[in-house]
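Next comes just one chain, in structure tokens: the form predicted alone.
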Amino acid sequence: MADLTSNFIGIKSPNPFWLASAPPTDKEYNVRRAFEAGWGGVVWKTLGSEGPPIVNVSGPRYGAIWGSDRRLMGLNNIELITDRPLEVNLREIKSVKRDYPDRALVISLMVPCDEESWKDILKRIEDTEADGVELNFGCPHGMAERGMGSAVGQVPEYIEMVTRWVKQYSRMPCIVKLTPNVTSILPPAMAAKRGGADAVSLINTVKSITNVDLDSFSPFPMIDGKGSHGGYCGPAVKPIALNMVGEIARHHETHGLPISGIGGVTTWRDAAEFLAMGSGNVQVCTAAMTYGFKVVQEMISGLSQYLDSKDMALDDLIGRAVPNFVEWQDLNLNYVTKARIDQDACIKCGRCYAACEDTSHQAIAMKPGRVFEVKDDECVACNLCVNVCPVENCITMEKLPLGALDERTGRKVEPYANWTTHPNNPMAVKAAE
């Protein structure tokens, strides 16, 4: 089995799979169970200062989005940071770290945006022997209204300022957790780097409302007839997270800044994609809440087998895809593919035909006997047919060498960038006339 030992900003763990700061890491009982199940590390649920008490709702805290098979695609939560006493949390953190010295244990923090509050909380956590701190600048609900969480994460100047305080008053490695609720993730990441952050983690949850109760006419989760926005997480946010991780990994001002990837990691493959896009490790929440802590065992075995099959070390995977993440104008417009339908695998459902005929380029013909064939002259290789086909690998994209004679049409292969002269383009026909 491949060696999955991770060293993230000097924090060592037996594998790169950490539990994110969330309900699964709220107390000693949960964290011990997580470590016994095999998790390499945890980020303890966010601690606050001993100011006004944290009072969570006693009604539903989660909204959900499901796939057609009832598979959980995303959770929306309105839960706040820990409502347990600070001293109890600190005592439990110290106890867990003493018994699991080989596991990563990072403390998530959120206090008011003033220097004394940060200085005080950092002083109080020093003797826990935790491996680092994560600054929660991402929570989009409840705490943001108090001037914390994403209210800080949306202002680069605040991010830089608080990060400097943390680096000044603490010996611990500092991870800055970024909010996705911004126009661009780069200014916050740059601010964290300027402030001296050892790493960034992202993404935190997306500000959202998952659904509306059509009887009570209230957003859900509903508390006494009213609802509020919450933070969205789970498999559905993975595309947003991958893009933001990649943006930071490839930008010249943030390139080299260590990243802890968060957002919809459910399988080993998800984790491998985050690592390839520049994450040094990954954090998981929704998958553990859906399937239990032992889901990490599949992640560990799957990633190990994948690395073995590629004859690749873990460090070799990290950032492997970043050089291939380019701007649109840097794509090769002379690269040509065409859709191909495997008639033996086709179940004749006609979904590809309907999608292409109604909403795309009318590039699939329906022959007698419900035989579907691609019309190469019309196919722009948009890939829609592949994505709507219910049979995996029934429709594939075949690369055609530019300038070669296409045996199916008897014509030379040309890029569809020649749309300006295509006979189906009315503007081109008008210009020719």
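When you see a residue number, it is the position in the sequence shown, counting from 1. All values reported here derive from a predicted model rather than from experimental measurement.
The same protein also exists as the form predicted together with a small molecule; that form is not shown, yet it is the one meant from here on.
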- Answer yes if any heavy atom of residue 263 is within 4.5 Å of a heavy atom of the small molecule in the model of the complex; otherwise answer no. yes
- Given that the partner is absent here, does residue 234 sit within 4.5 Å of the small molecule in the model of the complex, heavy atoms only? yes
- Proximity of residue 130 to the small molecule in the model of the complex, heavy atoms at 4.5 Å: no
- Spell out, yes or no, whether the shortest heavy atom distance between residue 279 and the small molecule in the model of the complex is within 4.5 Å. no
- Query: Quick one: which of 92-100, 349-357, 132-140, 209-217 gets within 4.5 Å of the small molecule in the model of the complex, going by heavy atoms?
  - Reply: 132-140
- Any chance all of 154, 181 and 244 sit within 4.5 Å of the small molecule in the model of the complex, going by non-hydrogen atoms? no
- the small molecule in the model of the complex has a heavy atom of only one listed residue within 4.5 Å, and of 339, 203, 105, 174 that residue is 203
- Message: Exactly one residue in 198, 160, 273, 79 has a non-hydrogen atom within 4.5 Å of the small molecule in the model of the complex; which is it?
- Response: 79
